[in-house]
Structures are given as structure tokens and as C-alpha cells.
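We begin with a single chain expressed as C-alpha cells, specifically the form predicted alone.
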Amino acid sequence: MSLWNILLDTLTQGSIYFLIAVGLTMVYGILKILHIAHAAVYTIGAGVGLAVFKLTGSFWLALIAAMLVSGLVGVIIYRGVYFYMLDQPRIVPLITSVGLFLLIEDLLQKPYLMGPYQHAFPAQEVFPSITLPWGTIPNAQVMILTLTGVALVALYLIFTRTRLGLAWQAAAQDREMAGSVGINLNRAIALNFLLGSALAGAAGVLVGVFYNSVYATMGDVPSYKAFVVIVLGGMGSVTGTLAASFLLAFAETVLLASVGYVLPRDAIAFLVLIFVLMFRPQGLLGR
């Protein structure tokens, strides 16, 4: 594998990991809940995007619909489940989240929804490929890198330039104190779920297009890859999640390029997690 291919694969996989994991990080930052059902939201986004694409033939309508539906599902999960567990020990919402993930995944495998089969998502010509002096960026990867860049800019502006972003930061530091100074916590948390889940839905569509495959259990691997990313980046740190996403993607790509398929790519993520927990359990940017 050439240096250019290593760089391109790292950027592509890192972008996917970030879009999936950032919502999980945002939820943990405020509620200190490991929102495992976030992976089911990612799958729902892919399924909705595929259904809309089949109806309209428009990638952009599919992406928007996936983000809207996924965001709404995220809010429903918060208001219908986690809202009643905020004062419970953290193990309670964690177990509930795992059960919710398994329930949604099982429902998605029903014949009247996604079924047990893989479905093609042939929206391949959304962006043109880019040819540079040192290599070509295929159109699917241009799509992922461009939309991830847009998401990064949007997140930066929301976190640093809006009252909502300040409310999220205050709630992450001390939720009770934030509520006592007049911040509407329910509204802030619901919008946190809305945005994080919408990004997960967008990731589902992008992955479906990139691999030309959507299926009901596609959230299985992201459910633990996202966990590796947020632990590596420092629990609750969006900046750490960004750094960890690309570091994990780089480690996977380099190891595969140097030693071949001695280990599956997904197993490498757990090796990285083990080393982090051994030598820096607070993560890259954790305290």
C-alpha cells in the first residue's frame, strides 16, 4: 500500500469514525451515559436514507431525511427512556441502552423493515473524483471528506459561537449548577441528542453509499468502534474524539499495510484500546 493510499484510507475511515462517535461523546459529556443504542440510530439513518433514495433517486433528499429521522429517534430515546433514569446509577441506563440497541436491531431485521439481507445503495456519483499530482481521490471518498469537513465546521461554530453550545459546555461541567443558573436542561439535552443522532444518521448514509451496502446489523461493529474512539479520545471530549478517530484509523491502516491481514481490522481497534487502558486510561485529552 502506497503512502498516498495510507493517507487517503486514514482520512476516510477517520471521518466515518468521527461522525459515528461524536454523538456518543456529546451524550456522555452531559449525561455520563454510554449510549450504546446510538449504533442503532446509525443503522436507522442508513435504512431511511436508502428508502428515500429508492423513492426519489436523490442523494441529498436521502441524506436530509436520514438526519431528520435519526435526530428525532435520538430525542425520543432521551425523552422516552433516559429522561426517567437521570438520577439512577449509571449502570442502569447503560444496561437499558444495550437492551434498546438489541431490540431495535432485531426489529430492523423483520421482513417488513430492512429484513435479514444486504441492500445496495448505488448513489456513487454525488461528488466528482479529484485528481492530484500524487494521486486520485475517488468520488465516494470526496463525498465523505467534504461532508465531514462541513460537519466539523458546523460543530465548531455551534460549540463556540452559540448560546446552545455554551449551555452544553456548562451542563458537561456541572449539570445541576447549569440548571440553577437558568439553563433549560431538558431543551439543551434534547438538542444534544438531536444533533448527535442526526450526525449518526448521516454517517449511516455515507457508509451505505461508500460500501454500497445497507443491512439491519450494520451497527454491530460501530457499537464498539465508537466506544474505543471515545475512550481513546477521553470520555466526553469532542476534540479528543476527533483526534482519536484519525489515530485509530491510522493505526489500523498502517498495521494492515505492514503486516497484512494477520489480524482483522476490527481486532486492531481493541488492541489500541488495551494499550490505552494500560498506559493512559484517561484517554488522549481526558483529565
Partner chain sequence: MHERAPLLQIANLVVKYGHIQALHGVSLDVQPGEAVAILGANGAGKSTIVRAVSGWVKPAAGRILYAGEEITTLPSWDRAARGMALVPEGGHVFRDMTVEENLRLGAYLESDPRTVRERMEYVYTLFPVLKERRRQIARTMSGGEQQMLAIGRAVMRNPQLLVVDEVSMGLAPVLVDTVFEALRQLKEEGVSMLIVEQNAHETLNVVDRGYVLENGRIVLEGMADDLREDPRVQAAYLGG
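Numbering follows the first chain given and starts at 1. Since the structure is predicted, the reported quantities are computational estimates derived from the model, not experimental observations.
As for the form predicted in complex with its partner chain, it is not shown, yet the points below apply to it.
Interface residue among V181, L113, I91, A154 relative to its partner chain in the model of the complex, by the heavy atom within 4.5 Å criterion: V181.
Shown without its partner, this chain lists I95, M177, V150, L103 as candidates; in the model of the complex, only M177 has a non-hydrogen atom within 4.5 angstroms of its partner chain.
Of the stretches 117-125, 166-174, 67-75, 198-206, only 166-174 has residues with a heavy atom within 4.5 Å of its partner chain in the model of the complex. Of the heavy atoms in V142, none are within 4.5 Å of its partner chain in the model of the complex. Although the partner is absent here, N186 is a contact residue: one of its heavy atoms lies within 4.5 angstroms of its partner chain in the model of the complex.
Using a 4.5 Å cut-off on any heavy atom, none of the residues of 40-78 reaches its partner chain in the model of the complex.
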